[in-house]
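Just the one chain here, laid out as structure tokens, in the form predicted on its own.
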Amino acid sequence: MRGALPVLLPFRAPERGPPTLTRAHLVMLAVALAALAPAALAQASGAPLSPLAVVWKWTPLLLAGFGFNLLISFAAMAIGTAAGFGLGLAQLGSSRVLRGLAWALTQFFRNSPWLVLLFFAMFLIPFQVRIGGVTIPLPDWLKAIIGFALPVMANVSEIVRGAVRSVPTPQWESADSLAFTPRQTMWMIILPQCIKRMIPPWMNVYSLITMATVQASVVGVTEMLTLTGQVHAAEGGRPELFAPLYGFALLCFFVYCYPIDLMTARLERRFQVR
């Protein structure tokens, strides 16, 4: 009948059969049971967990702490690279006073112990700053980033200075003969040639700063080494757990930093100036 309203029927979901387990599901279930069985049996019998079971139990927490170490290294490297690049160029400036000040800052932070610089940042930077009517807290991890950025800045400054000095003198003379200004010569001719020279030592500094981030545990930053100590205490401080737990932390840093070292050596051979 024309003009009649459509009849709305109730929705009825299609019938589905019972869920089926595939071979992949069975394999994953067997692996999970095999991994959790020792811990479950130990807890049921009241016996302490084995060292490997303890490491497996706390692996997610320890890896989260390792991720925080990497975050600290990324931030410190970014801040230190930006500041060090400018400081390195200042060592090559035309002003004698500026060159002297930049050289002094570079040598001071480059030859100071990293742990001392970390304490320097921790205790001299205020806990909070007040801008107008707003109070901005400065947490310990932010101070640790600044403390690690100081030696990065000094090392990057020396890397930039050395890379620029390594460019052959005829490059400067050719730019001068083509009527380039000193600034154009630096940014358009010299620095592009320095990139390949700077990458390998820059990667080496990053590897060193990543391994040094464990020093942040000394000043109360909750990173992997701090969490490892807390896990050891939570498991009763058993002596047999000391080597596996801290060995796991060592393994994490080795697995992360060793490929960087190999890549650094490969780039050094590839970019070697003949």
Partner chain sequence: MSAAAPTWTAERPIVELHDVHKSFGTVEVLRGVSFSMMKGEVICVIGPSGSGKSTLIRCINALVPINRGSIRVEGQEVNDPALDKLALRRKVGMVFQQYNLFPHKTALQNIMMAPLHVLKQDRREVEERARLLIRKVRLDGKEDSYPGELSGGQQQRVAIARSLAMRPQVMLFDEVTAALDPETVKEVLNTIRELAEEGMTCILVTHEMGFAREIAGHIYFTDRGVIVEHGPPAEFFASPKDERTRQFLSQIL
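If you're wondering where the values come from, they're calculated on a predicted model, not measured in any experiment. Numbering follows the first chain given and starts at 1.
Unshown form predicted in complex with its partner chain; subsequent notes refer to it.
Visitor: Would residue 77 count as a contact of its partner chain in the predicted bound form, using a 4.5 angstroms cut-off between non-hydrogen atoms?
Guide: Because no heavy atom of residue 77 falls inside 4.5 Å of its partner chain in the predicted bound form, the answer is no.
Visitor: Is residue 131 close enough to touch its partner chain in the predicted bound form, meaning at least one heavy atom pair within 4.5 Å?
Guide: Output for residue 131 is no: heavy atoms all beyond 4.5 Å of its partner chain.
Visitor: Residue-level question: is residue 140 within 4.5 Å of its partner chain in the predicted bound form, judged on heavy atoms?
Guide: Residue 140: no contact with its partner chain in the predicted bound form.
Visitor: Can you check whether residue 166 is within 4.5 Å of its partner chain in the predicted bound form, heavy atom basis?
Guide: No, residue 166 stays farther than 4.5 Å from its partner chain in the predicted bound form.
Visitor: Answer with one of 178, 97, 136, 104: the residue that has a non-hydrogen atom within 4.5 Å of its partner chain in the predicted bound form.
Guide: It is 178.
Visitor: Which of these stretches, 147-155, 198-206, 181-189, 81-89, has heavy atoms within 4.5 Å of its partner chain in the predicted bound form?
Guide: Among the candidates, contact is made by 181-189.
Visitor: Judged by heavy atom distances of 4.5 Å or less, which residues of 61-89 approach its partner chain in the predicted bound form?
Guide: None of them.
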